[in-house]
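Shown next as structure tokens: one chain only, the form predicted alone.
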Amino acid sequence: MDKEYVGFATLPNQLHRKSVKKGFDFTLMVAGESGLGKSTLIDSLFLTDLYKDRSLLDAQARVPRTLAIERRAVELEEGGVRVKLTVVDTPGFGDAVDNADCWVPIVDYIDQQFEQFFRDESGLNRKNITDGRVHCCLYFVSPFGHGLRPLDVAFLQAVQHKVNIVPVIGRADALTPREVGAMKEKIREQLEANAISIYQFPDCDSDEDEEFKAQDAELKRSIPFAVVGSNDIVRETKEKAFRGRAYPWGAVEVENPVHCDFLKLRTMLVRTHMQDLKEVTQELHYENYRAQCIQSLTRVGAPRPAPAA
């Protein structure tokens, strides 16, 4: 007798419908010195105009500026799937004459989001908790140096156990392909030498198709991503138009994988690893914070030992 059908196979569809109806929260932090195209890249990645009201500061105006934390939120919808995207920007990072401990406000902000989530989770009304925790930090490295600077290393060491770090080389069109390859190798060596933990791609399941496995392997090899952002339309001919940057020597196509890693970064962030970034935030970074909070509360509430007779 054939085994009767019960219906458990519909559970994934049920979970998918429920998740789509509720929508997804995702918080992305961008950090790095000014002038590396952070705002432009975010607008390019999500086809938004989050920074239309931002004015560009000259070098003289940037020098005395202190680091600030800016939050910008937008709701995106594509194919019936809604994403509540929050971008946390850090203008002023690395712009001061003395940048000692300039990352402290960023670390404090990440901890504050953990604290707020912990309070909400421990409260009476836990049905509609807003998740403001930072799920990913895109850290921009300058293409004009020789890999990571001491400031880069100090920042990454300060946040590595609090947030998923994805390093990127900003304005990569300033480098030749050979220079890009050499800089990527240099940054990977520096990350290892300084024992800096960045986001680790999960291993593919054995039942994944070969195309997905190959794509995942290529994403892993591409870290740090060398990126170029632009929402400007470049029209080379009547038939060919693309988003990119035009220069006297030619044009850079943002979505051409030969020119930069923009598509790879977007694939990783949106199509393949957004949920994993959220899960690692919950199961690793937040759980570490939560355990520390509980241990601290336990120590505070523990009875004092009786005095010796």
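Note that this is a predicted model, so its numbers are computed, not measured. Numbering starts at 1 and follows the sequence shown.
Heads up, the form predicted together with a small molecule isn't pictured, but that's what we're talking about next.
- Note on contacts: among 45, 28, 277, 36, the single residue with a heavy atom within 4.5 Å of the small molecule in the model of the complex is 36.
- Checking 190 to 198, 224 to 232, 101 to 109, 127 to 135 against the small molecule in the model of the complex, the stretch whose residues place heavy atoms within 4.5 Å of it is 224 to 232.
- Taking the partner from the other structure, the small molecule in the model of the complex has no heavy atom within 4.5 Å of any heavy atom of residue 216.
- Using a 4.5 angstroms limit between non-hydrogen atoms, residue 245 touches the small molecule in the model of the complex.
- For the chain shown alone, residue 40 is a contact residue for the small molecule in the model of the complex, at least one non-hydrogen atom being within 4.5 angstroms.
- When contacts are judged by a 4.5 Å heavy atom cut-off, residue 171 counts as touching the small molecule in the model of the complex.
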